[in-house]
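The form predicted on its own is given below as one chain in structure tokens.
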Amino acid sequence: MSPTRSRQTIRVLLVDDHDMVRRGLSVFLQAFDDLELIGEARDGFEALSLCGQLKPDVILMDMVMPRMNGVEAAGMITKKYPDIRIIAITSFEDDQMVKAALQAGATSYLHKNVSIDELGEAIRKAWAGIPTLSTEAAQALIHSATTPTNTGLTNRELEVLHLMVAGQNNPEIAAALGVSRSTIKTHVSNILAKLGVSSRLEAVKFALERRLFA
């Protein structure tokens, strides 16, 4: 067992762009003697920076945030800090978002209406490497509706969008598809234009809401 796992107090980082959500979760955490809130972040960029400074054991991570969403942040954090456990905590139970979060490295997936006792237990289990899925998230995985939407995207653009949903950035997508970064940048621009959105986050939300991928 590593030194991190041997500590009795579990160090928790909150990541959510809504102040009220962070405030509510922080109140929850104060109810447990074995859980310590060590910091808060408003998006994935802040979370990634704080991981190096604060070295949390468990991160409660919202999935839909500005600048860098939870899927992207989870993927980067688990690669750079493999000992940190991530719990995706969100209002969405879309099957694609659940899959994307877990594929990016999240240990667990909870709904924001989770009870205080369920939250505490999920954090302890995540710290021990034991996954927890909310009932809604489990149902989303089991009963997925996968009828695609006609988007006008080419097969390659769909491949790029799929990797965006999985939390990969342009260099990672370029490496996965064996093309240049500039080519991926062009594909992303075309995807945003065809979907009528203005950012990667909106494109990912579009794909998740319409369940474009199985």
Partner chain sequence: MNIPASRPAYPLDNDILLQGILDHTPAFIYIKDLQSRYILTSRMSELVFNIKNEDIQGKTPHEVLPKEIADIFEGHDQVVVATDSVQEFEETFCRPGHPPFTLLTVLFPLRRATGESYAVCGISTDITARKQAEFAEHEQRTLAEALADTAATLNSTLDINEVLDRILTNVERVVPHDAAAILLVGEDRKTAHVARHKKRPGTGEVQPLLSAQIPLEDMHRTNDLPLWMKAKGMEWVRSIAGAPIVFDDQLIGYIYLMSAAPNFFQPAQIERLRAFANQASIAIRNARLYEQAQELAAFKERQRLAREMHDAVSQSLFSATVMAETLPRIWNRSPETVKEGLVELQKLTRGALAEMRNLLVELRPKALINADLGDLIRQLADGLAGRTQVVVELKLEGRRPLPAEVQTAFFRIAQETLNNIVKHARASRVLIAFNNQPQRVSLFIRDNGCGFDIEAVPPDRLGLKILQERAAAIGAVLEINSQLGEGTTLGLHWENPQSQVVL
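Residue numbers count along the first chain shown, from 1. Quick caveat, the model's predicted, so the values are computed rather than measured. Whichever C-alpha set is largest while still superposing within 1.5 Å between the two forms counts as the rigid core.
Omitted from view is the form predicted together with the partner chain, to which the following refers.
Novice: Tell me which stretch of 96-104, 69-77, 109-117, 125-133 has a heavy atom within 4.5 angstroms of the partner chain in the model of the complex.
Specialist: Stretch 109-117 is the one.
Novice: May I ask you to choose, among Arg156, Arg181, His162, Lys55, the residue with a heavy atom within 4.5 Å of the partner chain in the model of the complex?
Specialist: When the partner chain is considered in the model of the complex, the option within 4.5 Å is Arg181.
Novice: Is it true that Gln8, Ile10 and Asp83, all three, sit within 4.5 Å of the partner chain in the model of the complex, judged by heavy atoms?
Specialist: No, none of Gln8, Ile10 and Asp83 comes within 4.5 Å of the partner chain in the model of the complex.
Novice: How about Ala193 - does it come within 4.5 Å of the partner chain in the model of the complex, if we only consider non-hydrogen atoms?
Specialist: Result no; Ala193 lies far from the partner chain in the model of the complex.
Novice: Taking heavy atoms only, is Leu212 within 4.5 angstroms of the partner chain in the model of the complex?
Specialist: Result no; Leu212 lies far from the partner chain in the model of the complex.
Novice: Is there a heavy atom of Ser49 lying 4.5 Å or less from a heavy atom of the partner chain in the model of the complex?
Specialist: No, Ser49 sits far enough from the partner chain in the model of the complex that none of its heavy atoms falls within 4.5 Å.
Novice: Even though the partner isn't displayed, in the model of the complex is Ser189 close enough to the partner chain, meaning a heavy atom within 4.5 Å?
Specialist: Ser189 lies outside the contact set for the partner chain.
Novice: Who in 188-204 is close to the partner chain in the model of the complex, meaning a heavy atom within 4.5 Å?
Specialist: Going through 188-204 in order - heavy atoms within 4.5 Å of the partner chain in the model of the complex - the hits are Leu201, Val204.
Novice: Honestly, after the rigid core fit, is Leu50 moving at least 2 Å at Cα between the shown form and the other one?
Specialist: No, because once the rigid core is superposed, the C-alpha of Leu50 moves less than 2 Å between the shown form and the other one.
Novice: Does Arg22 move its CA by 2 angstroms or more between the shown form and the other one when the core is aligned?
Specialist: It does not, since the Arg22 C-alpha is displaced less than 2 Å between the shown form and the other one after the core fit.
Novice: Superposing on the rigid core, is the CA of Leu13 displaced by 2 Å or more between the shown form and the other one?
Specialist: No, Leu13 moves less than 2 Å.
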